[in-house]
Structures are given as C-alpha cells and as structure tokens.
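Read the single chain below, which is given as structure tokens and is the form predicted on its own.
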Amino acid sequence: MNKFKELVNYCLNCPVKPCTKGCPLKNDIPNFIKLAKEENFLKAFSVLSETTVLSSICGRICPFERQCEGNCVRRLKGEPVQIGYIESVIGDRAIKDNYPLFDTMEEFKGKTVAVVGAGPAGLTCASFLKKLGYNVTIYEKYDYVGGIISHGIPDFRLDKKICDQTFKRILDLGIEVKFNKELGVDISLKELKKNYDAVFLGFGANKSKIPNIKGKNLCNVYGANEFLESKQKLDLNGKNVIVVGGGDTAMDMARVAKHWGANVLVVYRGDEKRMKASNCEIVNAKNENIEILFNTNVKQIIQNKDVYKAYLMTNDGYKFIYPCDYVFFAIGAKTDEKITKKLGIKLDMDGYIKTDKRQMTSISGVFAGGDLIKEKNTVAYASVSGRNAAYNIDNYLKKFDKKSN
C-alpha cells in the first residue's frame, strides 16, 4: 500500500485534465486519483463507474502510452502517473469489498432491449441500459461472455479470474444472457425487432484480413483473430512460426506461440515507430526472444509435402526464403459479411454497418456499436461505443413514447 500511496501522490491533479482528454472513455482521472489519495476507495470507484464498468480490465490492458498516460503532464519531465495501475487497484478493491457497480439504478421503464454480443461493447451497453431502467437480454453465440476479452487476450496478459469476477458483477445487475444464440443462425434480427423495443448490435468485426497471396489457403495458414477466438491449441514445440502484423493481436499471437514452444518471427511491413502494438507488449515480446523483422512483407507461402516456406521481401526489394511450419496473419480485422449482408441493414463500402449520429442503423430502433461500425478496435473504444449507445437508445425510447402519446 505504501507503493500505491506514492503512485497516487505523484499525480498533480491538473485542473485541465489532459489525461481525461486522452482517455476514450473520458474517465475523470484526477478526481478518482484524488479520492484514492484520501483512501476513499468507494467514492473513487463510484467516479469510475460513471463512465466504465470494466475498470479492473481496462486498467490492465489499455494502451496507456497512447491514451491517458501519453497525455499526462508528468511525462514532460519524467515518467507519467501510472494511471492504468491505479485504476486496476481501485477496480480490484471494488470486487473484493463488493462495492455496488452503480450508486443509483432507475426504476423499470417498462421497455426491453436485446443486445447481440457479450463483448466489451455489448456488456457495457447492457450495464448502462440496466442502470437507466430497462430490462436487457444479451444474445451470445458462445457459452461464455467477454468476447474478445475472453478469447482474444492470453491468460498470461490478463488474469481470467479478474475477468470472471468483473463479468459476474455486470450480470448480477439483473441482465439475462441467452448463450449459444448466434445471429442469423439461432435467432434473426427480425425476431429481435419484433420481441424487443430496441436492439443493439455489438457482436464485433473479428474476421482476419488475409492478403491475396499464393498459399493463403494452405492448412497451416491462419487468421490470428479466428485462431485465438477458437481457443484451439497446437503442438508448436520446436516449430517455426511466422506472425504477420504489428498490432496487439500480432504480439498476443506471437507470445502465445512462444509459450507453446515455437521459434517465432514477427514480420511487419513498417518500422518500429509505426507499430500499433502498445510499447509494453513489444517489450514483452522482445524479452521473450521473439524476433521482429521490420520493413518486410510476406509475398507467398509454398508447401512441398509437409515443408512450408515463406517468401519474404524487404521494402527495399531484397528477397529471401524463411522455413516455417505455421503462418498467422494479424494485419487487421473486418466484419463477417456472411452475417452483416443478411441483416437487411445498410453497409458502407468496406462492409461495416452504417449508423447515424445516434448510432442507429438504417432500421429504426436497431443500433450498433464497436468495431462493427468501424470504431477503433480496442476494449476501451468498444466500451465507450456501447455506453454511448445505451444513452442513445434511452433517448430514442423516450421520444418514441412521446410520439405514441
């Protein structure tokens, strides 16, 4: 606790709050740190809960150096305040001491909302809708909640016990979850629209982008997103693995393969400064002896019997061959058009769901958020999209009632 006191006392409590401006969720960072200084953890958590329901998780995995900590005034002459760590300590304290997730809950308004997808966008939307007085039912295609948090972030980076405790507190608000219900397979949007007063689509855009190169369909070539989501395990002991990409998913995939005993080479098309992965994840990968090859692209993958080879080319034209057993592409994700095209909703040219400024789709009463609408694909951005959608749905249903009357 002495270390924690030092960390919170290091904060200058800037009145202009540059750290809050850098936070996608707009958490009132100086205020919750000030309350933590005073050891008023209940109130500090209450301040956090005005904007987020995932403090223990976001406090561990957010790319702080590009968001809150990257805007910290202390960073100008030294190290920034460890905002993420402080947030996670407060969130963990709330779990341990069973602080209420919200200070107040509005009375039931007599309206029901369906949320499709139990990832960060869906869980956050459902939580704030419940707070606002709506009955909420989540439809989730798997038999667990969490979405990308549960299947996309390795256990060694995020303690699953913390996740489970966080999710339980959300569902304990009185949110019903119908598991193994995939949109377009087990349930249709038409049914949801008929049975609920509003619908929120937050099932994510997790289909890996694969370059159109020779060998992309070979059996040992995977999209990292789908592979991590499948929770499949491979015997990679002593195998040569290439991971293509420079974001957090690439680092996660590389470290998973390394933990499974593989020799891992990360291939990235740009230089290190252009990598989208958080600095700490790049450092962690390097510390685990994962080699990163910059300014290089995979041009094709060849299989000769059981032997795979990747043809690589540097940005200045140098070509060479790298023997590999598996290749994982982590160069971005897109929507699964097999689902989105069946919804009867207008899409943009890239297949993302089009919404207006209220996050409403081309179908009245149907809203969408997260990376389905091309939001930045981080947990924090998905969460703020879900939270904003909850308030937009609230406004829509209030106006709908006025029109009905």
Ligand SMILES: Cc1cc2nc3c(=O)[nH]c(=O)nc-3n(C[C@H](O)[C@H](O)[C@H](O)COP(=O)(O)OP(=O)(O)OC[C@H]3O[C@@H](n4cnc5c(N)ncnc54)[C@H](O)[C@@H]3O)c2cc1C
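Quick note: we count residues from 1 along the sequence shown, nothing fancier. Just so it is clear, the model here is predicted, and its values are computed rather than measured.
One more form of this protein exists, namely the form predicted together with the named molecule; it is left out here, but the text below deals with it.
Student: With the partner removed from view, which of 360 to 368, 59 to 67, 38 to 46, 347 to 355 is the stretch that lies within 4.5 Å of the named molecule in the model of the complex, judged by heavy atom distances?
Tutor: In the other structure, the partner sits against 59 to 67.
Student: Please check if Ser127 has a heavy atom lying within 4.5 Å of any heavy atom of the named molecule in the model of the complex.
Tutor: Residue-level check for Ser127: no, no contact with the named molecule.
Student: Report whether the minimum heavy atom distance between Ile393 and the named molecule in the model of the complex is within 4.5 Å.
Tutor: The answer is no: Ile393 has no heavy atom within 4.5 Å of the named molecule.
Student: Contact between Val243 and the named molecule in the model of the complex at 4.5 Å, heavy atoms?
Tutor: Outside the cut-off, so no.
Student: With the partner left out here, check for me: in the model of the complex, does some heavy atom of Glu176 sit within 4.5 Å of the named molecule?
Tutor: Glu176: no, not in contact with the named molecule in the model of the complex.
Student: Which of these residues, Lys111, Lys141, Lys276, Lys334, gets a heavy atom within 4.5 Å of the named molecule in the model of the complex?
Tutor: Residue within 4.5 Å of the partner: Lys141.
Student: Which residue, Lys193, Lys131, Arg157, Lys216, is the contact with the named molecule in the model of the complex, using a 4.5 Å heavy atom cutoff?
Tutor: Exactly one residue meets the criterion: Arg157.
Student: Though the partner is not shown here, which residues of 225 to 244 have a heavy atom within 4.5 Å of the named molecule in the model of the complex?
Tutor: The stretch 225 to 244, when checked against the named molecule in the model of the complex, contributes Asn225, Leu228 at the 4.5 Å heavy-atom cut-off.
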